[in-house]
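Taking the form predicted alone, here's one chain by itself in structure tokens.
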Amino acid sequence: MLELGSLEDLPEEYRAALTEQNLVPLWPSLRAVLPPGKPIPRTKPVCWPYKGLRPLLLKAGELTPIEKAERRVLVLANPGHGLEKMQASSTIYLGMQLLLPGEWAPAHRHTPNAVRMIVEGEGAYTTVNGEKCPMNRGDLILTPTGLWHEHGHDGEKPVVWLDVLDLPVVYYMEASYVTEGNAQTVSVEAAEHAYQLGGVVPAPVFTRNDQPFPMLRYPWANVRKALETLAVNQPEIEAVQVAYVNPETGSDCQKILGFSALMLRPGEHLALPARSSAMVFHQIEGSADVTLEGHQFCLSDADTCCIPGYIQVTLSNRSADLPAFIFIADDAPLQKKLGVYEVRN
């Protein structure tokens, strides 16, 4: 490979002249931005055990009232990017959010897309553009870009959920901002009941649903049943996995990040190919080992980990008797739109 010159090879007065005119020579830094063979990720493999995170989140509930926090969240930050960057990967933000009984997180809307994966508790809800979405363990709730949303809690115990946003991408584009609002009037209950059967969608005589996000809540009970049915009906299938999609179009349920749920059969070991997209694994039920180069994470209920791209990963169900269920987030939709998505076997 051609050996490129360094910045120190250039005379000091020449470098000063470049700096004076806001110019930078490319060749000394070319391999940093275009490394040979594959990228050099800043994203590090990292795991956030819920057992250690939960008491700190509950303590935040004691230390900071919701009125002073608006959203009481602990960010799952990747040290490879610097904790101050508050991102799990180059494109994914993760945060564990707490809502206590009787609390209300006020309405706002923002440019980053968000989803909520419910971790524990019951009695809370998210209202998105007037649609009230109950929050039960394992449910996935969308709050897409530009849609008003707020959270309330009518139950008796703390409710916790995992926020997943494309905030790093939107922030990098200098397009990230929020608009504050007032409490919404609930106009309709969650619309997922209209999409109970694959291939069948509401089709009124005069109008079709032209909403870009017709389904905002994906109940875990339905997703779990779909995975179990798939495992029974197709025992030979390599991976028991379903994607969260727009029921009207069949495309990814959001535009930048992709989401899916995976079932590991009892005792199953599943080797995933190296993909260009970073991945987040969140354990919904059961326990699993995540093994990759130089690392092994043992996931139990509500544990979360992040894996950089271009690395082979093996998932193993630690139980010989019970299935394990994992929620997965990645940036494959964005990479596919940009034409840079790869799978390397």
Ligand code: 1HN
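The first residue of the sequence shown is number 1, and the count goes up from there. Since we're looking at a predicted model, the values are computed, not measured.
This protein has a second form, the form predicted in complex with the named molecule, left out of what is shown; the following refers to that one.
Segments offered: 234-242, 215-223, 160-168, 270-278. Contacting the named molecule in the model of the complex at heavy atom distances within 4.5 Å is 160-168. Listed residues K132, K85, H110, R137 were compared with the named molecule in the model of the complex; H110 is the one with a heavy atom within 4.5 Å. Taking the partner from the other structure, the named molecule in the model of the complex has no heavy atom within 4.5 Å of any heavy atom of R265. Put simply, Y93 is close to the named molecule in the model of the complex: some heavy atom of it is within 4.5 Å. Contact annotation for H149: at least one heavy atom lies within 4.5 Å of the named molecule in the model of the complex. Shown alone here, H193 lies farther than 4.5 Å from the named molecule in the model of the complex, counting heavy atoms only.
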